[in-house]
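For reference, the chain that follows is the form predicted on its own, supplied as structure tokens.
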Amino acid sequence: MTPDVIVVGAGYAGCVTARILADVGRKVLILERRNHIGGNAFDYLDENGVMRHEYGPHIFHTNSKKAVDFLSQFTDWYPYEHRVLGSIEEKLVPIPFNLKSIELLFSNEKADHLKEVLISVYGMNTKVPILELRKNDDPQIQELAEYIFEHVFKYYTMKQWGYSAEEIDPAVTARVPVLVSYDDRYFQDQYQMMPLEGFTRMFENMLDHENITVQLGTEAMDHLRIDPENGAVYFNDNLFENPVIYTGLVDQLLNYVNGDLPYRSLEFDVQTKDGQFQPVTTVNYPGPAEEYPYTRITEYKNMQKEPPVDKTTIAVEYPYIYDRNGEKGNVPYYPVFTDDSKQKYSAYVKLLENVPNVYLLGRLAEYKYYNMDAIVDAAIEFSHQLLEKE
């Protein structure tokens, strides 16, 4: 039977869209190259009884009631507020950098003065991007800004992205602002919680629908062929005129005709330890690569509702240049936002303008950084717009 819709990818973008379309009677076929659903949010209980996140820690946080209401159809939740510490001058201090961080790193007299200056200029309970803080004319704020930049952003950004903070899109460093407050949570959103039985179970419930068929371990491009010149899509060599919602790599979709788009990848050194390894879920190591070749260590059980006592699982995280043919770094995580990469992506999108039934959705396909809540919102909006077009 020919499906009403083909969805490529079983991550957030694909699963949310598939469920909404299935609920209104569309027969949806999901093609997923991996052997599991959930995309990079895939998790499972490991041999230590720890809910391990295979592709790095995923923490749900949002101000969007729409996203919460949609996902709550498929999971119960438990509250979790994420906290991150950074290893700076042999001390563990809160990240994002805040007033408590200042107190831990400077003498009492200097810390009190710096806090007073920050509050007088920016106000209490405000967020200031590091690049904005560095532009301030006040010499005291400039001194503090350079200290924070050097110890929090400079080397971490170079390790994570392969570019300096000045070369990368300002939105990247703006994601972790300096907080003029004592709030030591990593996020300040209204809703901060985790799915009670894990993300994978939430996705299983989402896809449990008679109108949804999921084919795992299936390379979509073995079945789909895009002909931009003639504006046609072929599925198993037959012309396919129904919607194709593509959530994967857009350069792969078009057989890399304009070259590879750059992405950053990650590799994890997963280790079992006894007891408790670190005081919070994540500790960042923002020093130079010569000192710390990794960027952070995550202890997964610290985000569990009922963590095991005896054993713990940690993941030491190493950034890599994405290489689709490499032994390591072969999973694309983050688009690299430079002027060149944006132009190359735009050229790929232009090639698809003549193919009206192919839709790009999600972090990889749109070459855009989405948090989990944001892609849920985007998929909901996209699905409704698609149905309105019919």
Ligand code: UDP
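Not measured: the values here are computed from a predicted model. All residue numbers refer to positions in the sequence shown, first residue = 1.
Quick note: we don't show the form predicted in complex with this ligand, though the next part is all about it.
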Only one of 271 to 279, 113 to 121, 146 to 154, 233 to 241 has residues with a heavy atom within 4.5 Å of this ligand in the model of the complex, and that stretch is 146 to 154
Tell me, which of Phe70, Tyr334, Tyr359, Tyr345 has a heavy atom within 4.5 angstroms of this ligand in the model of the complex?
-> Tyr334
State the residue from Val176, Met193, Leu105, Ile141 whose non-hydrogen atoms include one within 4.5 Å of this ligand in the model of the complex.
-> Val176
Contact label in the model of the complex: Ser101 to this ligand, heavy atom within 4.5 Å | no
Answer for Val172 alone: is it within 4.5 Å of this ligand in the model of the complex, judged on heavy atom distances?
-> yes
In the model of the complex, Leu261 touching this ligand (heavy atom, 4.5 Å) | no
Would Thr312 count as touching this ligand in the model of the complex under a 4.5 Å heavy atom rule?
-> no
Decide yes or no: are Val5, Asn211 and Ser383 jointly within 4.5 Å of this ligand in the model of the complex, with each residue judged by its heavy atoms?
-> no
Within 4.5 Å of this ligand in the model of the complex: residues from 71 to 103 (heavy atom criterion) = Ile95
